[in-house]
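A single chain, nothing else alongside it, follows as structure tokens in the form predicted alone.
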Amino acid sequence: MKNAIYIISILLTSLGNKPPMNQADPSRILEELDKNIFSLDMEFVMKMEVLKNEKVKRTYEMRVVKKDEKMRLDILSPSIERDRRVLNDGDNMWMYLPRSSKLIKIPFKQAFLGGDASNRDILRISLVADYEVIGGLENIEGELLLKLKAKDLKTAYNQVNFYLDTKTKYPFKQEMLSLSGKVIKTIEYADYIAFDQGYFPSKITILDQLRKDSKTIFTYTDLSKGTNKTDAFFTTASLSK
């Protein structure tokens, strides 16, 4: 694990002189994580690979657009899934099924496209909106631990632990815990690239701790800050067009 911290530190240092998230206050670190990674208005292409026993079973490619409190995802491939669309309007999540021309409401906690991530994991609008800091920032064997607790029961996980690089304060691992305190899922953040005023993880791996043979890898490309999409693009009416 210490090697992982060292690698991330070297990578971020080599990318330029942009400031790290070096605030010591846990609440400020949470705000910086949200601003730099989770709540950015942006567009990107996301590749999703679902693996079983280290073999890729399904691959998807999709275009994701986020603006203010809304996020929309359009599947580009495979062709059988093309034009399936998902919208998070902040309060609800909707999916348009092109083959049946149906619009259905989907739960936040449901597995996203049969992978190891929940719908909320992928279409998160804001980390701050869902969680609050509990306790102080802990230093455990050279790793910083930031503990968060869900603000309400509709959030997918009761508690989230972020393990941060001691220098940059960027995450390299995240644990999602159940009500009983058991780790049920982990997320690994890797391959950070310079983006906007900070850095963005271009590769995220999600591992289901209840299914040891399963994991889902997300790779992000074509990142751009902001979007020229109008508000009409983020409505349920637009999903069928």
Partner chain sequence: MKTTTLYTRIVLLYFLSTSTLSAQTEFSYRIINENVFTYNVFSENSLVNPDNLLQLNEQEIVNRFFPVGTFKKNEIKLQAEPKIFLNPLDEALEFAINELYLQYRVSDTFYATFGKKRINWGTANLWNPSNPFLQKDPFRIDNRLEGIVLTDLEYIGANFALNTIFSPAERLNRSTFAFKVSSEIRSLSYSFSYAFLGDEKQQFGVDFTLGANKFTFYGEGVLRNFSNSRLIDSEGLPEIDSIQNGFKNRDAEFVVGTMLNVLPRTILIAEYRYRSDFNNTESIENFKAFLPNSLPGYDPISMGQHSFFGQLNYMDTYSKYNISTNIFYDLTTNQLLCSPGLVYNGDDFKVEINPFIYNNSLSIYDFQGRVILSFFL
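Just so it is clear, the structure is predicted and the values come from calculations on it, not from any experiment. Positions refer to the first chain, counted from 1.
The discussion below concerns the form predicted in complex with the partner chain, not included here.
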Exercise. Which one, 52-60, 171-179, 36-44, 198-206, holds residues whose non-hydrogen atoms are within 4.5 Å of the partner chain in the predicted bound form?
Worked result: 52-60
Exercise. Would the partner chain be touched by all three of 28, 188 and 221 in the predicted bound form, meaning a heavy atom each within 4.5 Å?
Worked result: no
Problem set entry | Interface membership of residue 166, the partner chain in the predicted bound form, 4.5 Å heavy atom rule | no
Exercise. Is there a non-hydrogen atom of residue 139 within 4.5 angstroms of a non-hydrogen atom of the partner chain in the predicted bound form?
Worked result: no
Exercise. Taking heavy atoms only, is residue 151 within 4.5 angstroms of the partner chain in the predicted bound form?
Worked result: no
Exercise. Would residue 135 show up as a contact with the partner chain in the predicted bound form if we use heavy atoms at 4.5 Å?
Worked result: no
Problem set entry | 122, 113, 127, 73 - the one with a heavy atom within 4.5 Å of the partner chain in the predicted bound form | 113
Exercise. Along 164-179, which positions have a non-hydrogen atom within 4.5 Å of the partner chain in the predicted bound form?
Worked result: none
